[in-house]
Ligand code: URA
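Just one chain is shown here, as structure tokens, and it is the form predicted on its own.
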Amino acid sequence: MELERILRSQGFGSRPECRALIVAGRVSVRGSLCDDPYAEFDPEGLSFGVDGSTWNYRKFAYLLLNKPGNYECSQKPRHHPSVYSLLPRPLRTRGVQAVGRLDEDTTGLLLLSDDGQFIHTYTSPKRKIPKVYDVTVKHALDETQRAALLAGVQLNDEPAPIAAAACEIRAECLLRMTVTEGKYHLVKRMIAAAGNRVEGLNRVAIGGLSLPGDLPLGQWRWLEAVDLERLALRVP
């Protein structure tokens, strides 16, 4: 594949923009300067540099972001900055999208990708992907509330009770809760129906993939093959 086409596929602009980057001597391939936009390379496993930053060719982008509070999962945010502003320009240009959404005040694990099939899989309600949250609540938790969440609570606009897949009281006002549906404000509404109130919400896992403990708020990293394998885990 021509070098300018490789750069375009990775989000570095239009073909003329990518051609200009290469001709200007701002692109290297495997550590060596390349100023020929039509030079042919096998993109699979290709490492290249743009303005001193190293990138690896990826057919699709799969990312994990540790979302901070007061960021919106929207391309057109209304009240707070967009989570996409936390990503470098090439990732925004190639069109990565949030895989589902977290409320503006919710923190933690957010997946992003430009692979439409991947996004569909992890947002389809039929797949029942488990999502794990650490929930800080206003009032002290008790076994009655935990049992209610596991048995199922009735929400105003739902025809049948909705149950948590798992619940663990971890501190007086801290609950680790697993849900398998993606309804609007689901965790907050379930906690309210059980007689408490959410004060803080942090997503710590999706499927078999956990939020890395060493990834700071507002930072992102690539998902590698082992991470995607963990995401493929299902609950019965």
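Heads up: residue numbers just count along the shown sequence, starting at 1. Being a predicted model, the structure only gives us computed values, none of them experimental.
Separately, the form predicted in complex with the named molecule exists; it is not shown, and the next lines address it.
For Ser113, no non-hydrogen atom is located within 4.5 Å of the named molecule in the model of the complex, even though that partner is not displayed. Mapping the unseen interface onto this chain, His185 counts among the residues with a heavy atom inside 4.5 Å of the named molecule in the model of the complex.
The named molecule in the model of the complex comes within 4.5 Å of no heavy atom belonging to Leu91. Shown alone here, Tyr71 lies farther than 4.5 Å from the named molecule in the model of the complex, counting heavy atoms only. Note on the partner interface in the model of the complex: the residue among Ala194, Leu201, Leu64, Leu209 having a heavy atom within 4.5 angstroms of the named molecule is Leu201. For the residues Leu102, Ala148, Ala164, Leu86, the 4.5 Å heavy atom test against the named molecule in the model of the complex is passed only by Leu102. You can rule out all but one of 154-162, 137-145, 103-111, 116-124: in the model of the complex, only 103-111 has residues with a heavy atom within 4.5 Å of the named molecule. In the model of the complex, the named molecule lies within 4.5 angstroms of a heavy atom of only one residue of 127-145, namely Tyr133.
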